[in-house]
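Take a look at this single chain in structure tokens; it is the form predicted on its own.
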């Protein structure tokens, strides 16, 4: 993949890149409507494809929060036109890296030392490029290390980037400004955390220690003495990305083993630790040579408040289906049904959300669940598409914690579906299911 020789780090340069992209998108619309005048049967597919490519190229060149938003949207395929979902999904595994010399200068400025003063060897070619930083392989003695270096200007441009992304997001998502404002505020807070590599190091150490007893999971050790807020050094874990591992056609038993490890990892965090690794995209995991699940990134961790946890997962309790009053109380507590809703609105949203909870809770309501069943994931996508086209949902609803908890769980469901895993889902289930 072609490397970037420069990156727009200042707010002015980043703003100009968005202006240029806006002009390209405007030109695409002019081209589309001109064709439609000549041929009324012209579909929007070509327009969506052109716009998706132009927007993605801009976001991937800017890195940072701009690219992170594309990455997050691509994980929820049900709310984007297919052309955008397909293009933005490149951000999960195929973002273009910065060139070696540029990343070395970035390291030297951040650490105050030359790379050669710390590492015995350092691969100038990035092994992985993401939205906030990129990873290089290095050695100290015989120890192989992964060195994650943050892109220049990323931490300082989060707020301004999100303001620039807002017009594109409004058009793509069809949200009201009020709803998008809640979404972007929570995203901004988490992105600021993700640019603090010292915080990521602490989170990685704490969660890997707490989850060390789980079967078939491997975590890297971290090295504070070689790290700072812009550079993070950890053990290099040798393995295959999930997408590459799946191309080897692993057996059902192997798929189930990795799927079970993922399920246990996420649900132990949510239901026992009341926090969660909230970035469940395939690029954050490896399958090691001995068939273990390698977990690589703890930049995005969501604390789950106790009151939200009990209300949210209280809806999973199978008895809730037969207790409308209790379900209604939980919907109100979670601000899914609002105080000023009319009786007709209350009934409408109650039925809409009951359908959603029925789908979400399906894996929890069985002792073993086959995520490879296409009917389940298709039902999730169909519900998401229906919700995206429901005008009543343009009003902001739901407390802010939904954003990352929903993203985490539906992202997990998507990965387990891609793996085709059959999972024992009665491990680490919500506590209220055990006491119901």
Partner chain sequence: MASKKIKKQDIQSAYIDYVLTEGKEPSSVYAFAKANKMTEGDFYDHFSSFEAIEIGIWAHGIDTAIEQIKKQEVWNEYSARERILSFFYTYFEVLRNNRSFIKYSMKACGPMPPGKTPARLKPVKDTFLAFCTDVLGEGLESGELTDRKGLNRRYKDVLWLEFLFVLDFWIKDNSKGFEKTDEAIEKGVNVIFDFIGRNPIDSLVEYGKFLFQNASK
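Keep in mind it's a predicted model, so treat the numbers as computed, not measured. Positions refer to the first chain, counted from 1.
Another form, the form predicted together with its partner chain, is not on view; read the next lines as being about it.
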Within 4.5 Å, heavy atoms only: does residue 210 come near its partner chain in the predicted complex? no
Taking any heavy atom pair closer than or equal to 4.5 Å as contact, tell me whether residue 202 reaches its partner chain in the predicted complex. no
May I ask you to check whether residue 102 falls inside a 4.5 Å heavy atom distance of its partner chain in the predicted complex? yes
Although the partner isn't part of this model, could you tell me whether residue 323 comes within 4.5 Å of its partner chain in the predicted complex, counting any heavy atom of the residue? no
With its partner chain left out here, work out from 271 to 279, 228 to 236, 329 to 337, 290 to 298 which stretch has heavy atoms within 4.5 Å of it in the predicted complex. 228 to 236
Which residue, 314, 250, 220, 153, has a heavy atom that falls within 4.5 Å of its partner chain in the predicted complex? 153
Of 108, 319, 127, 303, the one that lies within 4.5 Å of its partner chain in the predicted complex (heavy atoms): 108
